[in-house]
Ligand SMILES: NC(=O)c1ccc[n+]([C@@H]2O[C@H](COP(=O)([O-])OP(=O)(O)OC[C@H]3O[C@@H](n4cnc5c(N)ncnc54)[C@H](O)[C@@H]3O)[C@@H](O)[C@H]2O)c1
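Okay, so here's just one chain, in structure tokens, the form predicted alone.
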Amino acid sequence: MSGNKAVVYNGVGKVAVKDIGYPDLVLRDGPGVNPLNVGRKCEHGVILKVVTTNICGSDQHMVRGRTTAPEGLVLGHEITGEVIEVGRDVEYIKKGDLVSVPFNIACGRCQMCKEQKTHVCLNVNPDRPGSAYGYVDMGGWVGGQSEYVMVPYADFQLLKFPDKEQAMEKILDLTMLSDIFPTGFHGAYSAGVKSGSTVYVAGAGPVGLAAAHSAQLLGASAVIVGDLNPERLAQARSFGCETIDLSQHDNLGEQIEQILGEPVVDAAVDCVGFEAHGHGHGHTEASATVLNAIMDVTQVGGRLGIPGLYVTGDPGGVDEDAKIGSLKIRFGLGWAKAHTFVTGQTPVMKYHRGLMKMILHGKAQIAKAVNATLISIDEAPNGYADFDKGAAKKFVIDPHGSVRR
């Protein structure tokens, strides 16, 4: 084989579908590849025929020009596929297996991996702990919005679906296991959501919707979702969430009090990140808005789950502080209220097997919650454009037409 269509970042606001060549079990030089990773041999890896790969809000940050991503970077870190080639050192994963790929790349050998902190693996990114496919400053591992992709450390990382036929019946749910379902679940779980909890989720994009559904699965008595986008709020209501239109209201506590009878919640989850806007009419970007708001409305002693992305370099930041990820956060408020903050990438492997079982046994309806919408790889540029406009959809790319319509 030689051809391999892939979705490539082509400059601010632009993506294109290009042939990047068929992968092999070596990380070769290319856009965004760390020089210290060039030539890295991956006989512990596999080649996947990609069955589904999803467009993520984190990808959209790069496409908007809000990171230092280089042109030509192959996008995509949400990957589900069929194994078609295995490296010499792969022992347990076999050709023909249908698998979910955690977006975190993890070696399974370092101290962090052994402690289940696979989101900060020490061996896969020469610049800093932690890595991901198709993402800026993450070591340069080639993205998976493509027809074929190489995945390293296969025996350790890959989640094999027990029955391929059953998995294909539920593939629009299972494709969410690579990132947003574990990420949303991690946000709710790390915020301490339990039976009877009242929960506020900031953001009704796909991760926010996944967090809201996860809070329901964890037993929350009330889940409130806030956003500026009425279409996305309608999607949250479609599976039983209360909602607050933050484009119309600037006092979050007052709106929560109208729903719960008090202006506080037990737990809060930030699923917005560094491109947050202020609340109310005429809102503009104000990066610390969500973090300050959730500190304000979370009860004393509460926990804040923060899976929303924050970066150390943002060329489009609203001021010089924001450009280096320095935000005006009311940390004194969080300290005074004895809040617990949980931040960083999600350690997908901590959650994905259990969430797979919830999908396969009909307990989780994540595709419905996030409005999974299937597109071809050639439609990916339009998918990015629609997502950027606020479409209440999670776009799932089907590169080979494998998924039954």
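Sequential numbering from 1, following the sequence displayed. No experiment lies behind these values; they were computed from the predicted model shown.
There is also a form predicted together with this ligand; it is not shown, and the following applies to it.
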With the partner left out of view, is residue 87 within 4.5 angstroms of this ligand in the model of the complex by any non-hydrogen atom? no
Hey, in the model of the complex, is residue 246 touching this ligand, heavy atoms inside 4.5 Å? yes
Does residue 205 reach this ligand in the model of the complex if we count a contact as any heavy atom within 4.5 Å? yes
Residue 54: heavy atom within 4.5 Å of this ligand in the model of the complex? no
Which of 121 to 129, 284 to 292, 317 to 325, 68 to 76 lines the interface with this ligand in the model of the complex (heavy atom within 4.5 Å): 284 to 292
In the model of the complex, the residue from 223, 188, 174, 272 that sits within 4.5 Å of this ligand by heavy atoms: 272
Name the residue from 81, 140, 102, 307 that puts a heavy atom within 4.5 Å of this ligand in the model of the complex. 307
